[in-house]
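Take a look at this one chain, the form predicted on its own, written out in structure tokens.
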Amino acid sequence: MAAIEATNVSKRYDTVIALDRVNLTVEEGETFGFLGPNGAGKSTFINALLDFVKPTDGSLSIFGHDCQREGVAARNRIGVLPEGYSVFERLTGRQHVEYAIESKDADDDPIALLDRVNMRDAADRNAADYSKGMAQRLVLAMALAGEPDLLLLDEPTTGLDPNGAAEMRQILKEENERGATIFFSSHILEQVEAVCDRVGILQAGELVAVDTIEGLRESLGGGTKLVITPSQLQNGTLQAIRTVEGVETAVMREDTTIEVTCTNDAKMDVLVELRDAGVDVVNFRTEEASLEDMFVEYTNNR
């Protein structure tokens, strides 16, 4: 059974289209990354899953339960870390987690959950004293209560330092190994690439790609990145590279290297184009295109 099923889901606010005929299936046991620039509609989609907003058209289900008609049954199987969740400043961390356990009719040990997110030492402090990162860890502990079948996380590493983000990724891996389905939105692409089985890219409310990272790479003609160190740049050099058949993107980096995402067959053509433009190449190397490279291509040029 699919963990999440979206069929022709649209959401309009007057003249603004937040979601545009989104079709998506997330299989049980997957770790799925939901990507898109700010304003793409990621949070709207998650809020529709939670029945916080009603789709204008289409339907959504979680483990076969319609999110609008059977919202309670759908939500009983999920743990949620929403974006921008506000903790209750007068309650301690322990009290927050106890509330989550009680609301799910579970029997977890609140201190064990707090320990898992590295918050044991702050268990009896009021949440008013928590940093943004500590509050994010606390809400994750609440989401883990009751061993949910689906973890629904909206920008889960907000406010976390690199160590905290790494701990978050480890917890997600452990939950997936336990059997939970993971669905999370993020703009930090390295984190998505590190843990996800598949990704979906949302652009202006439209789902423009759903695939494995390797599948996305192949769909862009092999997804080679050519990193070039030129002797100098002239006006129009980047634009000349972009006109080469097989080139997807060409950008200048701060260290004065040029990064070109292109098909394997186009690599030599790019170097020839630079030579014809009078640009000497000091050095070049090829790399496999990253998720960031593919994200730029899909959101800028599709």
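Note that residue numbering begins at 1 and tracks the sequence as displayed. Since the model is a prediction, treat every value here as computed from it, not as a measurement.
In what follows, reference is made to the form predicted together with a small molecule, a form of this protein that is not presented.
Contact check for T256: every heavy atom lies farther than 4.5 Å from the small molecule in the model of the complex. Proximity of T44 to the small molecule in the model of the complex falls within the 4.5 Å heavy atom cutoff. Remark: G39 counts among the residues lining the small molecule in the model of the complex, judged by a heavy atom distance of 4.5 Å or less. A residue is said to contact a partner when one of its heavy atoms sits within 4.5 Å of a partner heavy atom; V16 meets this definition for the small molecule in the model of the complex.
Here the chain stands by itself, but in the model of the complex one stretch of 244-252, 55-63, 30-38, 266-274, 30-38, has heavy atoms within 4.5 Å of the small molecule.
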